[in-house]
Structure formats: C-alpha cells, structure tokens
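What follows is one chain in structure tokens, specifically the form predicted alone.
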C-alpha cells in the first residue's frame, strides 16, 4: 500500500514509520524538517510546508497515496507562543491536505486530534459527543480540523477518520506539548538524576504509551468503513496523577529527585483538559484496547532510554 505521512519528523512519526515499513507499505514523508538519521532507509522524504497549498498538492500528486496520515501540527505549549503559526499549520495545513485528497482521489485521510479539543468543566469520564470548548489555539484548530474533515466526507466522499490522542509518552523527543512533563520525569531523571515538573503533584490527564498509540492508528485505519459509527474517536489507556508517575520513576531509578513547581500558564492549559476519557465507542466499533499500564510502560520506556544514544 502507498502511504503519505505529513509531519513524520515528530514524536508519533518516529514510531509510526518503522511500523509502516515493517508491514510492507511504500512510505513517503512530507515534512518541513530534514530527514532524521533514525528514519528507515526505505522511506522517501520530501521537504515541504503544509501551509503552502502548491507544495502539498505536488507531493500528493507525485505520491498518489492510498492513505494519507496527517500528523503535521504545532502542539499546545508551542502554539500559545506562536498562535498565528499554529493556526496556519493546523488549520490551513489541514485544509490543504483535505483538498489535495479530494483532487487526487486519496483513499483515506487519517487525522490526529487531541484531548486539547475539550474544554474545562466536563465531568469524567468524558465521552466523544460533549461540547468542544478548547482554551488553546492548538485545541481550537484541532476542533476545526475535525469538523472540516467531516465536511469533506459529507460533501466529497473523502474517507476521513481519526483519534483524539491523550498525552503521549515515548522514547522520542517530545514536540512542545503541555503533557511533556511526564516524559521528562523519565528522561531527565535517568540522564540528570533530577527533574522539576511544571505541574502540581495532583495534576491528572489521560496518557498513552506510544506503541499503543501507533497500534490504535493502524487498527482504526484498517477498520472497515461500514463498522465505524463516527469519524473521530476518543482513545484512552491510563490516567495517572503526576505524583503517581513520579512514584513509578522513583521505584525504577534509585536516588532520583523529582519535585514540582507549577507553571501558571501551562497548569491552566492542563487543568482545562479531561482527567479521564470514555473510549467505549472505539472499543465497540473497531475493537480498541490498550495494552500498557503505568508499570509496564515505565519498565519498557526506561529499558529503551537506557539503550546507547537513545536519551533525547
């Protein structure tokens, strides 16, 4: 199968590309970033900007993908610093991708949304069909992307589907999200022996280990369209507090010092997100089920981080 991935130089792409190559897909990447040394040699890497419609159209026309995985985005913390760039990448970029899919008959567009699409005051567990009132530029552009994709599906028949990711944890370099404190506990704790998290110990949001996240993408992408009752699905795994993550790290890194000093700006973003997600629709429609809990994730992640040259 021919696959085009936008924004694959980020955290998700680092794990998704090897999986696509391993299952025999022909993979092209469209990304403004240069090709990292860790990228599989079988991948064709095209430099380009999703905000430039002509560049997106040229890439899609050349690749003629059966499926397009749209990962390119400016994340929550970075998006608040550069909101106009976040709007351009996350909204204009998504429109360009969807229009290219329409023009060149792409079989499927897979969209990665986020818990940042939700707003404050929602009682947990938060389901798929609640009012979406995000407080960040990242969140509002992801809501816009969800709605735009569904419009392209209704109007032009584009097969549009995707997931709302919780905070993602992996051995790859994080990309400027507000949930990055969780990974930094492991990375900085292992590398430096200490880390001061920018949240309170009681802070709680949903998280997912990257192997589960990539598997969710592939399973939903492969699911028969007729089995899907919606286009965008919540997916969930674990919802530890920051203190519980710190305890898991302390159990596995003797002598590590982990402290907390809440940053008001990032704390406000975090507090606006759900603490627990309801992903029952994903479990019912396409059999979603997570594999990693906090303990098994911690063991596997630290084993990967201890490998030579693996610590970001």
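Residue numbers count along the first chain shown, from 1. Nothing here was measured: the structure is a model prediction, and the numbers come from that model.
The discussion below concerns the form predicted together with (3R)-3-hydroxy-L-norvaline, not included here.
Sole residue of 185, 163, 89, 75 within 4.5 Å of (3R)-3-hydroxy-L-norvaline in the predicted bound form, by heavy atom: None of the other options qualify; the answer is 75.
Within 4.5 Å, heavy atoms only, which of 93, 167, 240, 189 is in contact with (3R)-3-hydroxy-L-norvaline in the predicted bound form? The residue from 93, 167, 240, 189 that makes the contact is 167.
Quick one: find which of 109 to 117, 232 to 240, 211 to 219, 150 to 158 has residues within 4.5 Å of (3R)-3-hydroxy-L-norvaline in the predicted bound form by heavy atom distance. Every other range fails; the passing one is 109 to 117.
Would you please decide whether residue 179 lies within 4.5 angstroms of (3R)-3-hydroxy-L-norvaline in the predicted bound form, comparing each non-hydrogen atom pair? Judged by the heavy-atom cut-off of 4.5 Å, residue 179 is in contact with (3R)-3-hydroxy-L-norvaline in the predicted bound form.
Any non-hydrogen atom of residue 273 within 4.5 angstroms of (3R)-3-hydroxy-L-norvaline in the predicted bound form: Close contact exists here: in the predicted bound form, residue 273 approaches (3R)-3-hydroxy-L-norvaline to within 4.5 Å, heavy atoms only.
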